[in-house]
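Here you get one chain, nothing else, as structure tokens; it is the form predicted on its own.
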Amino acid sequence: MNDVFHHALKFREDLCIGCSHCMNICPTEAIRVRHGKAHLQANRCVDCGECYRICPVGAIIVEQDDFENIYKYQTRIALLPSVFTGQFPNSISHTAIRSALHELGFTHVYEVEEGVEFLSDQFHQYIREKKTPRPLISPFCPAIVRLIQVKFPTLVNHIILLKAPLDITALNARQNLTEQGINPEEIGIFYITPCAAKIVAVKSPVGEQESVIDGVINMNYLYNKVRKIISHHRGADPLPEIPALNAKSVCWSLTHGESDHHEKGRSLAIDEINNVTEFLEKVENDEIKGIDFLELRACDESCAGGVLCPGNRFLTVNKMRERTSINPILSGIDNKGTLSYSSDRQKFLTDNMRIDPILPRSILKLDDDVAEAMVKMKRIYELNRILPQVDCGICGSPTCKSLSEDVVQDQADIKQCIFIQKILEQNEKLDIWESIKIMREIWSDNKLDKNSLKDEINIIN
């Protein structure tokens, strides 16, 4: 298991204006403002992408693999999620999309959801074999897995220790081509991702040493390239049909995609990371009972709402559900709808389905010495008590509690609190110029430059 989180989200200081939108929306309080710029606390971030979504100036980017990397391999596989085809209007056929991908340089296209039926069978066997505490939690969304690790560590043993359909299909694709005589070192597998968290799941997988996938491609980037090819009426060469996916497989990545097919007990589907956080708090506090299975997704409308999806999430969901009923390539509710695996292939996949136990990750490690850590925890409690509890963010930390933690960890000063400053000023223990200096260190000179606001100040006066 990796000791350090890889993060796909990167902050560009040259573009950041220190607006604090990202700090205020982060569900794990992973962002601070210092010197007028947003800074990431890496041990807290789960790569949910909420900061990327809200940044008004594009100062947060998603670090991705260079598309040219695919040409390092003789055999180039595109792992195509159903949500990618859902970005296109119904007038663009599934075959046209695949054809455009071939024209871009991919030699093979596998649909990610080919692994759903196999995974579904493994789920049922896992539930019968394991004595995992209820509720069982789906491992499908990597942002949620990380959220549980850092914010709800007591629930990590509820996560089902099975690979996602993405990994199953990648394993099958590599094994299939290897058995055809292709050198495994010449096979490159690239996933078209709708979100930052799945980039991280490939670069730094949880429960595995390394991923079977070689690279990740931004869905928005690839969508534009495919649309351009299709608009020029290219990529029209006939392609062999691929195994039809049934409705269950196509909609697996959408909200209720898993929970609707959980055979036994009571199951719930919850999307959007703040909704998930609120619910898990109740589960952790033992306020909710009688739930057997939880499908938890970080994005609203699940993968259709991923930050790298170019289309509207509600239209995407509608189009995907329509395609399960009107498109013959994606219909077939009564059939299995996936590749027919040989017994040897089933054994190979079964042998490689499990992941290692998922461990908690420290979101706030105060000290290696337990006694010292307890002293610091008490200090945090004491500092938090004297703070105003308005969570205004003017101190450069998202909440009063997070400022208390930052102070104890020597990452901030209690005098950064504007209310503490005013109390000290009233008691003549802090002068106004020192207060201004503190604010400048948080928000930069620009925001406190009286000369740049001279005319506005005169108007106010």
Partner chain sequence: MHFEYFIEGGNFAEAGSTSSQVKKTLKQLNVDGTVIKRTVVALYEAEVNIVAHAYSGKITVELDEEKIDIKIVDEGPGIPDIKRAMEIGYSTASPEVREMGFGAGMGLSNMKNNSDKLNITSTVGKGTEVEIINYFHL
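If you're wondering where the values come from, they're calculated on a predicted model, not measured in any experiment. For the two forms, the rigid core is made up of the largest set of C-alpha atoms that agree within 1.5 Å on superposition. Residue numbers count along the first chain shown, from 1.
There is another form of this protein, the form predicted in complex with the partner chain, and it is not shown here; the text below is about that form.
The partner chain in the predicted bound form is approached by residue 155, whose closest heavy atom lies within 4.5 angstroms of it. Using a 4.5 Å cutoff between non-hydrogen atoms, residue 232 does not count as a contact of the partner chain in the predicted bound form. Although the partner is absent here, residue 374 is a contact residue: one of its heavy atoms lies within 4.5 angstroms of the partner chain in the predicted bound form. Not displayed here, the partner chain is approached by residue 287 to within 4.5 Å at the level of heavy atoms in the predicted bound form. For the options 121, 103, 300, 281, the residue carrying a heavy atom within 4.5 angstroms of the partner chain in the predicted bound form is 281. This chain is displayed alone, yet in the predicted bound form one of 128, 264, 378, 347 has a heavy atom within 4.5 Å of the partner chain; that residue is 378.
The stretch from 415 to 423, 431 to 439, 60 to 68, 398 to 406 that comes within 4.5 Å of the partner chain in the predicted bound form, counting heavy atoms only, is 398 to 406.
With a cut-off of 2 Å and the rigid core superposed, residue 384 has a Cα displacement that reaches or exceeds the cut-off between this form and the one not shown. For residue 92, the Cα coordinates differ by under 2 angstroms between this form and the one not shown after the core has been superposed. Once the rigid core is used as the reference frame, the Cα position of residue 287 differs between this form and the one not shown by 2 Å or more.
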